[in-house]
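Just one chain follows, in the form predicted alone, and it is written as structure tokens.
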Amino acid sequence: MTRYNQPLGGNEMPRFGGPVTMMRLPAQATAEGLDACFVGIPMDIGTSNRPGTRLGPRQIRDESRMLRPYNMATGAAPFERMQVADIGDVPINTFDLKKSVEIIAEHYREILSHGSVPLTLGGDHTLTWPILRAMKERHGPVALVHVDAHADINEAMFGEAEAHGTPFRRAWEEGCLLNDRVFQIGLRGTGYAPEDFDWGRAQGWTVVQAEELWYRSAAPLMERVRATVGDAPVYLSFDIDSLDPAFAPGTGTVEPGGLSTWQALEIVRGCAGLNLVGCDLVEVSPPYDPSGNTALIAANLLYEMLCVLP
């Protein structure tokens, strides 16, 4: 018998039964004693187009019921070496985005105080800013691998500093990032001006637009990421809209010409060897994908993130 928590197996309970936790893992109230934890942030009050990401964490958990503990592609067996549980959701104030930012930051301060690595189920992308604030307080400025269709570096949206299009501008302003070790991958679509993508480049960030990955593997790019980031603490933020809407239509701001699911797997698996201190998977909006496939892909990517933790 292992001393580590195990996902509930399909031969112990039918896949359509059992607890609605991530991978049907045990639940606990805090991150105490955990090497890594799954935590949800059911929020869409920072969205600018289609809502529904408040329902993302619940459906990601539901679609994770088919996941098994052993990674057949990479040989990773995270539940043989780490204590992992689902610690529930952050109790945001769904009527106040500004208050929710600080609620999230305080919640993650508590998680990080236990030395646990949080794997976050989103939720709109506003949430990454307060997480990075807590990360900086724990680890100092961090490297960043940001996979997204959008740069999310707006100075403001409708005059507001808090929105899902501003988190990385806010994180930069607060000194949360190691600017020479920031990668933005998958950016594409229309914009207002070249500065929409070039602002990050001006800060020393590496911006890889989606077209640079058309018809090719992402593995060489991830070799470059690993060489650049080195042993610095690094945060992985993965917006599901980085994927082409043919794969993941269930999100709020879709853009054609995106990444494939196999490129997404290459990117996450390519983070193996990095000093990952946290990860998130954001912007899953279940109402726009009644098949559940967007959430299923999100659940698989979160499992892959768990597999590459140091």
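Throughout, we count residues from 1 along the sequence that is shown. Given the structure is predicted, the values throughout are model-derived calculations rather than measurements.
Heads up, the form predicted in complex with another copy of the chain isn't pictured, but that's what we're talking about next.
The stretch from 129 to 137, 110 to 118, 167 to 175, 187 to 195 that comes within 4.5 Å of another copy of the chain in the predicted bound form, counting heavy atoms only, is 187 to 195. Every residue in the set S48, E211 and A246 has a non-hydrogen atom no more than 4.5 Å from another copy of the chain in the predicted bound form. This chain lacks the partner; the member of P69, P26, G33, G273 within 4.5 angstroms of another copy of the chain in the predicted bound form by a non-hydrogen atom is P69. Heavy atoms of R226 never reach within 4.5 Å of another copy of the chain in the predicted bound form, leaving it off the interface. The shortest heavy atom separation between Q203 and another copy of the chain in the predicted bound form exceeds 4.5 Å. Within this chain, D96 lines the site of another copy of the chain in the predicted bound form, having a heavy atom no more than 4.5 Å away. Heavy atoms of L302 never reach within 4.5 Å of another copy of the chain in the predicted bound form, leaving it off the interface.
Residues from 15 to 29 that approach another copy of the chain in the predicted bound form with a non-hydrogen atom closer than or equal to 4.5 Å are R15, F16, G17, G18, P19, V20, R24, in the order they occur in the chain.
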